[in-house]
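Below you'll find only one chain, the form predicted alone, shown as structure tokens.
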């Protein structure tokens, strides 16, 4: 049993959990966050990164639309370095129902979603790759945000406010004193040890797994894990984020994201969020739907497909498309006579900060904390100031393109890791040529943001996420981890095998045409140059 007692233990490592840890630690609470794998892994780490204007929900789900419209503006302020303010188009393409456009206008007006109608000619001048048969177009203030970095930066800010962040530590049971939850029992996957921690309040923010955590307390919350499959294509084919002007359905969004574009998304209820996998029929359906929006998509190479388990709040058996994307806080003292235990479910990545504020208000009252929420005004680490790309490049002797990518991923934090290159110029070496990632950035991710293996580094730096999908950087990242941490070679080889399997797992449903040829090349490189077939039986 740890001798240290916390005010709050937060279970989970997604955007909601890290936002809660940040909020409560800023109010003065002593917080411990426990995540069974890495930050973030579930819905946040596998979403399409859309910073919603609220337009997608303006007709069917007005409560969610209003939440998104408000939080959109907040995140543009506090996380500006990881937000790309693209703007979005809602486009009507036959056979989209013409009457939906009028409902869309009415819904936007009622929910506060910023919008205006454009002429088709204006839209095609801005987006020449759009389907020329579009009939009506509306601009909204959609954007793109790096969801992985969003959660990591919130955890980093929480740690700067004395929170303790423990990744790869899985809660396996709750500790009770009568009908009061007084802590958790957790398994540390890095040490192989079972650990026990106590706190005044345990917060269940485990996303699609929140129902499983609630069951440890003998209570039920109506979490419906809902699979959203997404498809990544090799390049940005549009300048704006584009939605179909109709009720949400499969394949009706294209999101420019870093150096790629993401097609989304399905909405399928699943029994087990750990088994939310993409399927080839879903990929084909969404790819065809994206071609209807932008015919140029047909000429692009699909890099991979992946699926995220949304933690929707709703009745079992109800279609995912019919369940609201809003959220709910559960005070189990009121509903189940269980003290010291609070849960949260539903919501979206872009409303995570708001969700955390509402839950933290409740927890603060229980703890007697009077400090107000400040997360809507305090910038996340790296967003304190604008970064002048040319100045950054000159200071450290980098190409402008390399400096720009570092600033896009980290904002002013880029100065922290690039400072090391002054005394150690070798840290300026490019490890990932697709995403222009330096050794200095990877070193920072390992030493400052809890990255322990190749996949952890990928989430922070976008290594292995470019057009080669790790073909050229996997070995180099592995070598850096060994050099910086002293991790045994046997463990490094395990890391390589796991990283490659995860990449191939996302590619296996898109093995056709150009991607099949790319996969064959990669297999040849891994086996003939890396001898991975001999080392690990691959």
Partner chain sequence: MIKVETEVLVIGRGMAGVMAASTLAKNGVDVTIVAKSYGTTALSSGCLDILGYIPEVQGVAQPPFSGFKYLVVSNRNHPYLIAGEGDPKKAEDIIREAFDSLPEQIKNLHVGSVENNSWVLTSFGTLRPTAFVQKPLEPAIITGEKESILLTGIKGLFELNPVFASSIAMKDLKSRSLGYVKVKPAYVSIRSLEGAQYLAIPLVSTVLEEDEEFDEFKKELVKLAKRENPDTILLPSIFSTPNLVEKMKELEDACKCRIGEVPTPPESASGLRLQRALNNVCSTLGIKVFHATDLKPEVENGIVKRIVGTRRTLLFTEARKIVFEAEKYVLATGDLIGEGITCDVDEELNVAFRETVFDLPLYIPEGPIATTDPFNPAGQNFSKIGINVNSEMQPVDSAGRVVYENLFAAGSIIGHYDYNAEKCGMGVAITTGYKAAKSILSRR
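C-alpha atoms forming the largest set that superposes within 1.5 Å between two forms make up the rigid core. Positions refer to the first chain, counted from 1. These figures come from a predicted structure and were not determined experimentally.
Omitted here: the form predicted in complex with the partner chain. The next part is about that form.
For the three marked residues, 306, 415 and 465, no heavy atom of any sits within 4.5 Å of the partner chain in the predicted complex. You can rule out all but one of 65 to 73, 51 to 59, 482 to 490, 36 to 44: in the predicted complex, only 482 to 490 has residues with a heavy atom within 4.5 Å of the partner chain. Residue 100 falls outside the set of residues with a heavy atom inside 4.5 Å of the partner chain in the predicted complex. Taking the partner from the other structure, the partner chain in the predicted complex has no heavy atom within 4.5 Å of any heavy atom of residue 132. The partner chain in the predicted complex comes within 4.5 Å of no heavy atom belonging to residue 93.
Contact annotation: residue 476 falls within 4.5 Å of the partner chain in the predicted complex, judged by heavy atom distances. When you look in the predicted complex, the only residue of 376, 168, 328, 428 with a non-hydrogen atom within 4.5 Å of the partner chain is 428. For the options 201, 86, 137, 436, the residue carrying a heavy atom within 4.5 angstroms of the partner chain in the predicted complex is 436.
Contacts to the partner chain in the predicted complex (heavy atom within 4.5 Å) from stretch 265 to 297: 280, 283, 284, 287, 288. Once both forms are overlaid on the rigid core, the distance between the two CA positions of residue 501 between the shown form and the other one is under 2 angstroms.
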